[in-house]
Each structure stands twice: as C-alpha cells, then as structure tokens.
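In the block that follows, a single chain appears as structure tokens, in the form predicted on its own.
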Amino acid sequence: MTTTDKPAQESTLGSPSPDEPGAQTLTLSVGPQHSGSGHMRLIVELDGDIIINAEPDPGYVHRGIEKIIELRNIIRSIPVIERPSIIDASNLNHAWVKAIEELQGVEPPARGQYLRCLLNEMNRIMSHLYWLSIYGVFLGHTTMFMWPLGDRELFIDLAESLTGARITYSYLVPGGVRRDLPQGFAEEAIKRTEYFEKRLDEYENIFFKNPLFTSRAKGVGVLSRQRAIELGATGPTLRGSGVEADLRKDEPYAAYGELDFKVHTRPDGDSYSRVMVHVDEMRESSQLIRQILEKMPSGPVRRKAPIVVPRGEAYSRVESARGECSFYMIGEGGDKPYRARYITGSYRNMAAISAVLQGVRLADMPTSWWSIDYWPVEADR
C-alpha cells in the first residue's frame, strides 16, 4: 500500500469556494409568515451569530390603496385610507381630509379642529400600547403583553364613545368631524388618562427599569443622529436618535398651534432610546388630551364641504404615531381625485431597518427590529 502527501479530493459540487463571497456566511429568511416579522420578510445574512446585512423584502400585503381611492368618491375612500394602520386610523385619515380641504379652500371650525386632535392623541396612545405589547412578547415578558393590551381598552372605550367605533372610526371628514362630544366624556377621559399615567409608572418598575430589558436594549441597534437624517427616518425612530422633529410643532395643523406640549427626544439612538421615546410620548399625549378638553372652544364641529375635488394640486402631511404621513393629490373637478400618492411613517422608516440591524447579534434582532415600530401593512399600502 502506497501513501502520498496529496490529500484525497473531496466533491465540491454545489459548494462555494472558501474564497468566494458568501461562502462563510449564512442567509436566513425571516418571514413573511413569522411572528417576528409580521407580513413581510427580512433577508438576514449572518457571520456566526452576527448580522452583517439585513434587507427588508416588503410587498406581501400591498392592496393598491392609492388606485382604490382614485376610483371612489372622497367620502367613500375614508374607510379605505384607515385600513393600512387600523391602530392609528385617525392620524392617517387626517392627512387625507387635510389635502381635500386645501383644494376646496375649506377651513374646519375651531371646535372641530380640537376634536380632531383629541382623537389623534388617543390613537397615538393606542398605537404605542399595541406596539409595546408586541415588544413584550418579543422579549419574553408576558406581563408586558397583557398590561398594555388591557390598558389600551381605556382609550378604545373613549374612542367608541366619541365616534361609535372601537378601531376604525371614519370620524374626520372634509369640513370637520362627524359628531360632537357625548355627555360626560370630558370627565371620563380625564379620569382615565390620570389612571393611565399611574400605570406607566408601574410599567417603568416592572419593565423599563428591569436590568434584563436595559441590558438587552442599551447600546443595541444604534442609529446615529446623522445616519437617521440621511436615511429619512421619521417619528419616534428619528427622535430616538436625538433629532427634535415633529410636524405638530414644526408645521402646526388643526389645533396643535394652540396647545402647549413638548417634543420628546433621546440622545443615544439605540433600541432603549427608541422605546423610551414611545413611553414619553404616551405621557405627553395623556397631558394633551386633558389640555384639549380644558381649552375646547364652543361652536359647530363641522362646516359644510362639497363632495368634490377641485382642479389643482395639494400636499398635506401630519405627525402620525409612526412619523410623517403625507398625501399628494391632483384634482380634476370630480368627486374623486385624479391621482393620490400616500406615504406613511413605516414606509419612510424602511430604510432604517438595515442600519439598525447591522452588527447586532441574531438574539438581539427582536429588540432592535421592533424598536423601529415598523408596521408592514402601513408601509405596503
């Protein structure tokens, strides 16, 4: 039997050379049917357990919202516009009616403007609480799944009392809102917001100050201030990187110019900062709800507006729960827009996903990913 220094040749069929790109990494598909991604897919490339690249693959729940609203009159389109983010329906609808009113030259009465802001802020809290409950699941903290969903009912009940619906309201219409405050609403809303603020203190003790959470969130998934600006991030994602940007302050609309509130930011740009901006905003929205009810002027809630989109172009934007939501609209004089372009906060934040996940460990992906508060249906539209 003879021996040789030359090693035996192994079959390399279908296997890349160690020198080829991608030979030492693993590509992982997260989604599109996955509790961690929602109705989308994340294509994650791993070196060991370190994420070296993460690409969002959206479009699985695209429903052609823009084309649908070009085929319906402006009133029948309102329920459709609310569907991409049913947990933040009022803010999305506000961008729509604001564009219509700009073309029509209609200014809603003051009381109607205050009522719009009232529902907007209730919706902001409801949206943030839903996000927080899912975040609790991602981090294995079942209490922070149950508590936020339970406390969300405080505001769902208020919204139902005001609008007649629990989730999708169709409350904002061109010219104002559909109905006035029901009897006893103000007293009940004040009582519930004060109770909710005490609940937020309990959240702090059981979750946000919990070393198991802080160790997983602080310094993880960092998005620097400059990078957030370059990527066009918006909402809590942008403010979590220390950028004080909020359309309610920067371009006041409805009654926001008459209200006193603070734009909350956090400086570090990590998952912890983005989480805590959400918490700060829930406290601020509670204060805003009480302030709106105290300053609410008397008078009509709606001004008559025609069911027509005058010839011309309009662009409106509002600060939704996930950031800037905007409508660009072209009218030709009919009862429906010739063209409508609908951009949401989640769509704008999609570019930040790769930046936030790059360099983190796979086990830290849920912490980093969900801190963006990306809503696939809202982004796809």
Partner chain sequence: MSAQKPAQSDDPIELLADSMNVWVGKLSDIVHKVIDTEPIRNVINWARMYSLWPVNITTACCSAEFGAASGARHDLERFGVLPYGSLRQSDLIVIEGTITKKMAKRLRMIYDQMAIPRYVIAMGDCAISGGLFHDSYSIVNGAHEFLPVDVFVPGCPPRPEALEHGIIMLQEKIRNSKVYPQS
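Positions refer to the first chain, counted from 1. On a predicted model such as this, the values are computed, not experimentally measured, just so you know.
The same protein has a further form, the form predicted in complex with the partner chain, not shown here; the description that follows concerns it.
- In the predicted complex, at least one heavy atom of T168 sits within 4.5 Å of a heavy atom of the partner chain.
- For D57, a non-hydrogen atom is located within 4.5 Å of the partner chain in the predicted complex, even though that partner is not displayed.
- When contacts are judged by a 4.5 Å heavy atom cut-off, V61 counts as touching the partner chain in the predicted complex.
- Using a 4.5 angstroms threshold between heavy atoms, W375 counts as touching the partner chain in the predicted complex.
- Checking 71-79, 113-121, 100-108, 180-188 against the partner chain in the predicted complex, the stretch whose residues place heavy atoms within 4.5 Å of it is 71-79.
- The candidate spot formed by V220, D280 and R361 is out of contact with the partner chain in the predicted complex: none of the three has a heavy atom within 4.5 Å.
- Proximity to the partner chain in the predicted complex, defined as a heavy atom within 4.5 Å, holds among F145, F213, F196, Y253 only for F145.
- Shown without its partner, this chain lists R152, R302, R266, H141 as candidates; in the predicted complex, only R152 has a non-hydrogen atom within 4.5 angstroms of the partner chain.
- Scanning 79-93 for heavy atoms within 4.5 Å of the partner chain in the predicted complex gives P79, V80, R83, I86, I87 in sequence order.
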